[in-house]
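Taking the form predicted alone, here's one chain by itself in structure tokens.
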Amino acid sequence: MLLRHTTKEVKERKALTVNPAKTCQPVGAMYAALGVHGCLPHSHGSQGCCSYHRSALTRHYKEPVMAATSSFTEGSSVFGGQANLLQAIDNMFTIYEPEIVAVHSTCLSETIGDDLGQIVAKAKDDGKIPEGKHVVQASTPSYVGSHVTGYANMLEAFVKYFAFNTNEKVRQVNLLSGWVEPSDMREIKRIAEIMKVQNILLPDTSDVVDTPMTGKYEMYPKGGTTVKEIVSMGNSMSTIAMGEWCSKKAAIMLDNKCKVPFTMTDVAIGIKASDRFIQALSTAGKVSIPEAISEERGRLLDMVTDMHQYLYGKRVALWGDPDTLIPLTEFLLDLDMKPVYIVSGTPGKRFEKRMSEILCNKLPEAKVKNGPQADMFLMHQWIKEESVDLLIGNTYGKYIARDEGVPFVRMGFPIIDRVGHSYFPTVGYQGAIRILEKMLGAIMDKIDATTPEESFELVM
């Protein structure tokens, strides 16, 4: 109801952000940690912080997300949380028996200046970390960056801690995944398997946050990248990093520490981004692209050709993470659609530059903003100025969709009012077909609901 009072006159805001298109760093750090086998994420801050991070992931994946907390009280908030974390490390290994504890900081612990590296070192010196077990730490203050930043910091921390070069090259390729669904990670592995490229995917949340119902609870499911695999990444031939915001820092760390060169690609969403990923995989693995992959691409192009009339010229507003929005925008332009409004709460000057490169020749009038004040309020103001035919983004767009009567495709994080998104990939050619099907379904549902009775068609 309140959204109906949103004005279309955009005024510059220097401090206020309304409904930001992001969440906080620790959520991303926790998700990255879940992609490592036998890992228990640990939030170094208050119980409330940890509860929020867990619930954000649980609501999206509809799976119980386990994590521990340092449970800050007034005392630890003033004098520091070292004693809490030392006790927590001892408790976690004693009671829950993880292989790894992945500690990430929060606003509170960062503000008071807790040194996670020093505390973890003391825990080791005090014998609180059992032989063969590990504690990895990452700095993830919530008041900087976004959930994407936290994911990148934790991914870098795993590589820095575990990867090791023994000077014995292994014929394998490292795949550093951006923030995608577990089904997307499974699809990446499927493509690599078809291409016969030996690989290690990090992180890998498939079979972790999409586990089957067996009637038996497992705190550490079978999925996730193992310690042995992460260690061996230092001996790989090369690395393919998917998504600059999420994986570039880890790729640079691998290169600097273990001299494993990397190729930077976008998350494989749409036609061109999937082409680039598969070509990079072919080059890195020194293999040819099999006919089965070409056939998948052909089926995608066939669907695009068949349905082009319903997509042509449609105005689209989208929001979410930079690593998703960049290839998705490119895909929409390939479909002759018009991504006119693009918003991301994740900061970084590179975003607007990439968007300018993609949009300048085809859609120079598009409005793009990221970082502070790039929020759902601004998106709604733009839509009030001139409406769109389709919305693509996370659950928080449903209010605008309802208020403006615009078809809505849910994509990104978090999606908390629907299920199924974590089971169907959106990467690769198969994933692009899925995105197409969802967009076409939303657009055609609107046509069916609003067309005059004399034009209501059985076959479209």
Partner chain sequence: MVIKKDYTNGLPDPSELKNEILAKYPRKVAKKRAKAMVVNDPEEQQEIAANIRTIPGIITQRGCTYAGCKGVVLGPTRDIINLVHGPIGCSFYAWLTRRNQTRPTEGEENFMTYAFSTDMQDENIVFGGEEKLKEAIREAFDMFKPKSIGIFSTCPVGLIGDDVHAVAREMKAELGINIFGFSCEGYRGVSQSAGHHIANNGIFKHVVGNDNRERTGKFQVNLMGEYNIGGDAFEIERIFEEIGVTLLSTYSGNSTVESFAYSHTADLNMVMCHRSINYIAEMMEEKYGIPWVKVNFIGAESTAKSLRKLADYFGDKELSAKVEEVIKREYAKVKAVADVIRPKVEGKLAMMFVGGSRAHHYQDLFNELGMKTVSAGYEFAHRDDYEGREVIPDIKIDADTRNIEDLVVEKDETHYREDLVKKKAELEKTGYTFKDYQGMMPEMKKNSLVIDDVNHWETEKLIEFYKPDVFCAGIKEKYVVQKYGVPLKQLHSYDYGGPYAAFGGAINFYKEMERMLATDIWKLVDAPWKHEPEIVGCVTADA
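Just so we're clear, the structure is a prediction, and the values are computed from it rather than from any experiment. Residue numbers count along the first chain shown, from 1.
Heads up, the form predicted in complex with its partner chain isn't pictured, but that's what we're talking about next.
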Proximity to its partner chain in the predicted bound form (heavy atom, within 4.5 Å), stretch among 333 to 341, 282 to 290, 228 to 236, 92 to 100: 92 to 100
L40, S46 and L108 - do all three of these have some heavy atom no more than 4.5 Å from its partner chain in the predicted bound form? yes
With a cut-off of 4.5 Å between heavy atoms, is Y399 one of the residues that contacts its partner chain in the predicted bound form? yes
Taking any heavy atom pair closer than or equal to 4.5 Å as contact, tell me whether S142 reaches its partner chain in the predicted bound form. yes
Does any part of S422 reach within 4.5 Å of its partner chain in the predicted bound form? Heavy atoms only, please. no
Is I383 a contact residue for its partner chain in the predicted bound form, using a 4.5 Å heavy atom cut-off? no
Let me know the one among N84, S206, N153, Q137 whose heavy atoms come within 4.5 Å of its partner chain in the predicted bound form, would you? N84
Quick one: name the residues from 61 to 100 with any non-hydrogen atom within 4.5 angstroms of its partner chain in the predicted bound form. K62, E63, P64, M66, A67, A68, T69, S70, S71, F72, T73, E74, S77, N84, Q87, A88, N91, M92, T94, I95, Y96, E97
